[in-house]
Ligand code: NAD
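Take a look at this one chain, the form predicted on its own, written out in structure tokens.
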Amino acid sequence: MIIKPRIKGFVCITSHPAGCMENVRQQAELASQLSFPEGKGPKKVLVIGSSTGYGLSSRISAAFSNNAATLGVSFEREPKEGKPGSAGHYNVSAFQKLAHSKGLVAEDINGDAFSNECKEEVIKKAKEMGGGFDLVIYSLASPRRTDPTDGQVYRACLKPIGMIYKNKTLDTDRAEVKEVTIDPANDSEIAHTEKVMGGEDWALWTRRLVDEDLLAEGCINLAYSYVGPEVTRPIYRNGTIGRAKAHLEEVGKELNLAMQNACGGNAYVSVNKAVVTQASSAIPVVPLYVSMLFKVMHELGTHEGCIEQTNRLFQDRLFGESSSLDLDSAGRIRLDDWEMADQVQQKIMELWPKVDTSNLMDITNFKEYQQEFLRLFGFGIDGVDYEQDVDPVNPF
């Protein structure tokens, strides 16, 4: 079949296998340029949430920079005859094909990472691989979670806390700047969002890995977070998602002590840069901010996508010759340091009051935002023939 993008709101309901393959291949090429001192790079890596975004790029950085054996956990839609699978499904398949072509160990579990069943399946596979993970990446992004203890379903929401929020936002379908008004979350919505996006599940994963003795001496256990600028603070950091991220970071401090006691390792939260992901596309205000951020950082020569971020994480913070964690006062790794630089944020605050529909393409890089969004699903990538028939079930 010939596959074209079909976009509904902030989701593309189709994906292109060849485009996903080329996207993964390009990231692998960038990762292969890294080098670490003898014995310092990651050797065996578990990535929970490995099919898209920062989780996928983390796995690529580990495998193709240092030939690491990897185990990925994701929850993706399988393809059927005449119906493509999810982009994450093709990303995982592409990663496996590229990794295996280089003789690398690459195992995958497709299942709900919140569930006990998935955890048990991963534990079994990890033991078959010989255990000894020296790097664990927790990078889940899901709108809902079923609690494994009582079966209750929790749903996250994107709302401010304690106030009505009004600001500019971007209708990405119509390329229109308009005002959005969002009512504050109630106590139940705050609690639900923390249940889904907080640190509880990260802690459950860590305890299982510790109990099963699957962590190598000195293992690094890393979860990803975001802080963001002043312009998104009411809806993000001071809103329901931010409350959940604050919980994740507090849990990280507890897990750090547990890791030290169990294997002489550490648990950290890495605050990363804003990029185009399926999750971020759903947050009001964020697409407009990201479009503006891209323009400002490109002009300064500091723009990064997911793979550039995870490569810098590995090279400059974790495993490089002169790497330094450079933790902030809250004990977090700050990979968003270039985004949050005064020069960047001052420029955005200067431009924000001026942006409207008429000057959107001049003041921001909205076109690049659109291109990056399509890339998430394997579309718009140079070198891919989108008029060619592909087999959605066995594309590779």
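Computed from a predicted model, the values in this text were never measured in an experiment. When you see a residue number, it is the position in the sequence shown, counting from 1.
Below, we refer to the form predicted in complex with the ligand, which is not included among the displayed structures.
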Within 4.5 Å of the ligand in the predicted complex, do T52, Y226 and N272 each have at least one heavy atom? yes
Is there a heavy atom of I307 no more than 4.5 Å from a heavy atom of the ligand in the predicted complex? no
Exercise. Do G131 and the ligand share at least one heavy atom pair within 4.5 Å in the predicted complex?
Worked result: no
Q.
Please determine whether S142 contacts the ligand in the predicted complex, using a 4.5 Å cut-off between heavy atoms.
A. yes
- Should T277 be counted as a contact of the ligand in the predicted complex, where contact means heavy atoms within 4.5 Å? yes
Exactly one listed stretch (313-321, 107-115, 162-170, 181-189) reaches within 4.5 angstroms of the ligand in the predicted complex by non-hydrogen atoms, and it is 107-115
As a check of understanding, the residue in I235, A267, M197, A94 with any heavy atom within 4.5 Å of the ligand in the predicted complex should be identified as M197
